[in-house]
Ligand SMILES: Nc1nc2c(c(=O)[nH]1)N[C@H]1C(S)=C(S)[C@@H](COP(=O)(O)OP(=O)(O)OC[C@H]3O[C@@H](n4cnc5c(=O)[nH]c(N)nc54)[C@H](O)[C@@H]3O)O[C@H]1N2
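One chain comes next, on its own, written as structure tokens: the form predicted on its own.
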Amino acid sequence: MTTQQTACILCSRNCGLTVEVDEATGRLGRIEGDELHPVSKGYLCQKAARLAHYQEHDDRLEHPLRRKPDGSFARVSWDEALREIAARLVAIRERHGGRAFAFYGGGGQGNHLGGAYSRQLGKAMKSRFVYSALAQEKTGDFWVNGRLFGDQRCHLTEDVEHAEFVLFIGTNPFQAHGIPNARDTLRELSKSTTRTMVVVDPRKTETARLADVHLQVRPGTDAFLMAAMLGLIVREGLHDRAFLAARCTGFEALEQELGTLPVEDYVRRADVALADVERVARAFARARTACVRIDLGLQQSLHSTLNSYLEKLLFLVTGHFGRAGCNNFHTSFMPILGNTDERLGKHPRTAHHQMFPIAGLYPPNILPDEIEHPGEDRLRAMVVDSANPALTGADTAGYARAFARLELLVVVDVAMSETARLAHYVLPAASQFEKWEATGFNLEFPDQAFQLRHPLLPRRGESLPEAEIYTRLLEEMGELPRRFPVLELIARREPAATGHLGAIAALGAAIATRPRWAPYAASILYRTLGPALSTARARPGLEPPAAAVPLLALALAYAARYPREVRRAGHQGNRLTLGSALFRKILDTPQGTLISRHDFADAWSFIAHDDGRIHLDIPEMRGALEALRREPPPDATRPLVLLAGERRSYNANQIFRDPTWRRVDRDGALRMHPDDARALGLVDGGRALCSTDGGELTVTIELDDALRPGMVTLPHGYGQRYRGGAPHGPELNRLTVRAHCDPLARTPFHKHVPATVRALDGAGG
């Protein structure tokens, strides 16, 4: 057994791990937190300790597969698969143009390094249609950021660890994490006599149990509650006039609207005590430092994009921004977002919905319609990478029907997922512990860290890293030659002292003379400079680090943008060599490294508006805020609201397929308040039928008085057909419908699904 350093791949925190590796059997052993990790410092939750269930299970893919006419799959060679896929892609491109192709995924949780290679395929296909799980969750938030700060890449973080007052809305960090060392941080916050924690959630979650105040709102009324808080703050003159005058524009257009909101009516709509709301709003505004942390409970509920606007107004109107203990911007080392402002008209809209991209991404909620579009410009071919939309997208039946209409569906994954079972070709990727990998979710400020994870185990079967898969595919399509003799020679003979700058310069010169190579710089570096990296750093029997070579370009760009901050983090070098020194440190530090150290005063340099100010007045959001006054009460024909996708102790993302990893809640029970169960004749452990406009599922009932009466919950991360058998737990998206979504960003309202529940014959009380 040897002990290696890596990171968790289950949530955006990507905490550092130490892992015992049995090199004789190729299996993972004991998993613990890595005390040397620059951010998590030894922290670990119980889910990460079960990661061997991701690495070793019976649905792992080992060979390329081609679908046969009868729906079964036959093993084929890599050469056969890639040659046939390339020919079909080129034919579709030549016959129908780039609008016929879309890419889905490009980096599952913690699996982002491959995205540098997979996104090149869109360039080869002349397509800009990229669908992603981020666009099923976060694009309303990105859109608001673009309007407020001038660029959709101006993403925010929150300094929970040092805030005097923390407001959690629609999030349960105890289970969902999302903040550094979540459970330790929450306990410290709860024990403090000088700090305040407030939770807004219709459930009495683990986080809510630690809070000073829990506002247990009616599901779907977050916008009313936040608007009421803003109305109180403005009505009582608690907004920070000096901050608004110095740092913002547009508050005058909002002030009258906020100051005249029907606060008392909105609080009644949210069904919480007015005195508690007044106390929270006043304390938040008057706190020396305060921050707001939100998550999918806000972003996938009613008024999704408006919610993202209002939660930001809470900390902006009160001046809790750009300081320690407040909300702040953060740097990005590995870019995962673009800036695609629809007002500029530079980016294509989809054929059926005429949907525009946000942050370069299109929402999965519209994808089946774009495939089934009756026009000639419909989607005809897709590559799905590190994603499982057939199970995770709203309307599972609709996805299956639409995918059956595709002329070509290729899935790149480590496992035989539900989407893979619908594909024409399935290509096996190496697991995240069998290749060099990294995450783009480094969202810290003022200190920023980055971790390049080294492989722990040999690749399984014939699986390949994404860098090799997509580079070979581009070669088969004729987009790239198979050899670059001059560039290979320069990379091989360049002295170590120059830090690969000669190879980068040579690539730039080559692209200047052959501009059609420009979109494929990652693969060219992989083929030319990648082997030079591998010579010195490859471990016997494990994947060499060639796929990590695009990080050199990112390190050069990061050091050029933040030279002072990179040096503050301990990296040395001049204007030319600082970036290459940072790259070498990243490459040689498996536990991760601090890459920059900012001052809080630097926050204002991130704003992208020409005037350097925050633009508070967003006409679309002001219109949505005004529309709240006219919104009718919810439909009473379905008496229950289903929260579809609850975070629990033993559910995670789709990479856990083997159900034996769960110690509890193996059925993924439907939780319900005892009063509702009693009224419906249901008992704990009984079987029932949950019905929505999307469909129905048989569920197991679990009584839970932490819920508000009138709401029920089901967890995400279930529904996989392990070993080809029946689904394990609820196929949640058989209950969701695509039309039930935010009108601007098309984010599905998974956290507010009208539902009914009835006992199955013989299962009631």
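Sequential numbering from 1, following the sequence displayed. Just so it is clear, the structure is predicted and the values come from calculations on it, not from any experiment.
Although not depicted, the form predicted in complex with this ligand is the subject of the following passage.
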{"property": "G170, heavy atom within 4.5 angstroms of this ligand in the predicted bound form", "result": "yes"}
{"property": "Exercise: Q654 in contact with this ligand in the predicted bound form, heavy atom 4.5 Å", "result": "yes"}
{"property": "Any non-hydrogen atom of V200 within 4.5 angstroms of this ligand in the predicted bound form", "result": "yes"}
{"property": "4.5 Å heavy atom contact, D295 to this ligand in the predicted bound form", "result": "yes"}
{"property": "Partner-proximal stretch of 272 to 280, 386 to 394, 575 to 583, 372 to 380 relative to this ligand in the predicted bound form, 4.5 angstroms, heavy atom", "result": "386 to 394"}
{"property": "Selected contact from E137, E476, E565, D658, since only one has a non-hydrogen atom within 4.5 angstroms of this ligand in the predicted bound form", "result": "E137"}
{"property": "G122, G319, P550, G220 - the one with a heavy atom within 4.5 Å of this ligand in the predicted bound form", "result": "G220"}
{"property": "Joint contact, I85, S127 and V410 to this ligand in the predicted bound form, by non-hydrogen atom at 4.5 Å", "result": "no"}
{"property": "Sequence-ordered list of residues in 643 to 657 near this ligand in the predicted bound form, where near means a heavy atom within 4.5 Å", "result": "L643, A644, G645, E646, R647, R648, N651, A652, N653, Q654, I655"}
